[in-house]
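The data below hold one chain only, encoded as C-alpha cells and taken in the form predicted alone.
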C-alpha cells in the first residue's frame, strides 16, 4: 500500500511569513502523495476587529456568529488558502485549494452544546463524512489538495471547523486507500513534559502514558484536543501520527524528531 502524508500546519506558522515559506518549501519537497490542512491564524481576528465585529472565545474556541463566519470564510478559504497554493506552485507542487463544500469534500453538522453547561458556538461544524474518493481522485491526478477549515452541512450552510479535526478525519478516511501518516506541525518541537522547557520533548506517547500525563496535569491544556485527535486517528486505522516542529518536517516524516503517538 502506498504512503500518504497528511500535514496540518498551525495558525502560528501561517501568521509568520518566513516560517510559512520555509515550511512550504519543505512540504513541496515531499516525494510521497500528500495533503496539506491549514488553520486560520490571527488574521481573521484582526480583520474582524478592524470591521468592528466583536470576537468571543470560550475555552479557547471561537464563537462563530453569522458575521464572523463571513470573515473566517474570506480569510481561511480565500487569502490564506490561495496564498499557500501560490507559494506551493512556486516550489513545484501542483496544489489545488478547497473547502469542505467543494465537491462535497467534507460534510458536517452544526455543533450542539452539551448539557448542563451548553455553549452555543454558532456556525461551528462537527464532521460527519469525508469524501475519500474525491481526495483520492485529486491525488491520482498528481494534484496536492490544500484544505481550509471550512465545511458545509449539505443544506447550503457553511461551517467553521477545527483544522486538527479535519486533518484527523481526512487521514482516517484515506487509510482505506493508503498507509496514512498524519503530522501535526507547529512552532514547538513536540509534546513537552515541561511547557517552560522547549527541549523537554516526549518522544513516544501511548494511551496509558497519555492518561497518566493528564491525571498528573503534566500536559498543557491546549495540547489535549490535538492529542485526542491523534489517538482517534491511530485507533481508526491511521498508520502513524507525529507531532512536532514545522521547521523539522523531513525529520518528522522519518521519525527522527517530534513526538510519536503509539497505539495501545
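Positions refer to the first chain, counted from 1. Small disclaimer: the values here were computed from a predicted structure and weren't measured.
Unshown form predicted together with a further copy of the same chain; subsequent notes refer to it.
**Student:** 50, 96 and 152 - do all three of these have some heavy atom no more than 4.5 Å from a further copy of the same chain in the predicted bound form?
**Tutor:** Yes, because 50, 96 and 152 each have a heavy atom that approaches a further copy of the same chain to within 4.5 Å in the predicted bound form.
**Student:** Select, from the options 118-126, 138-146, 168-176, 189-197, the stretch whose residues sit within 4.5 angstroms of a further copy of the same chain in the predicted bound form by heavy atom distance.
**Tutor:** Looking at the other structure, the answer is 138-146.
**Student:** In the predicted bound form, is there a heavy atom of a further copy of the same chain that lies within 4.5 Å of any heavy atom of residue 43, even though the partner is absent here?
**Tutor:** Flag for residue 43 set to yes.
**Student:** Determine whether any heavy atom of residue 77 comes within 4.5 Å of a heavy atom of a further copy of the same chain in the predicted bound form, and answer yes or no.
**Tutor:** So residue 77 counts as contacting a further copy of the same chain.
**Student:** Does any part of residue 164 reach within 4.5 Å of a further copy of the same chain in the predicted bound form? Heavy atoms only, please.
**Tutor:** No, residue 164 stays farther than 4.5 Å from a further copy of the same chain in the predicted bound form.
**Student:** Indicate whether a further copy of the same chain has at least one heavy atom within 4.5 Å of a heavy atom of residue 82 in the predicted bound form.
**Tutor:** Residue 82 belongs to the contact set for a further copy of the same chain.
**Student:** Can you tell me which residues in 162-196 come within 4.5 angstroms of a further copy of the same chain in the predicted bound form, by heavy atoms?
**Tutor:** Read in sequence order, no residue approaches a further copy of the same chain (within 4.5 Å, in the predicted bound form).
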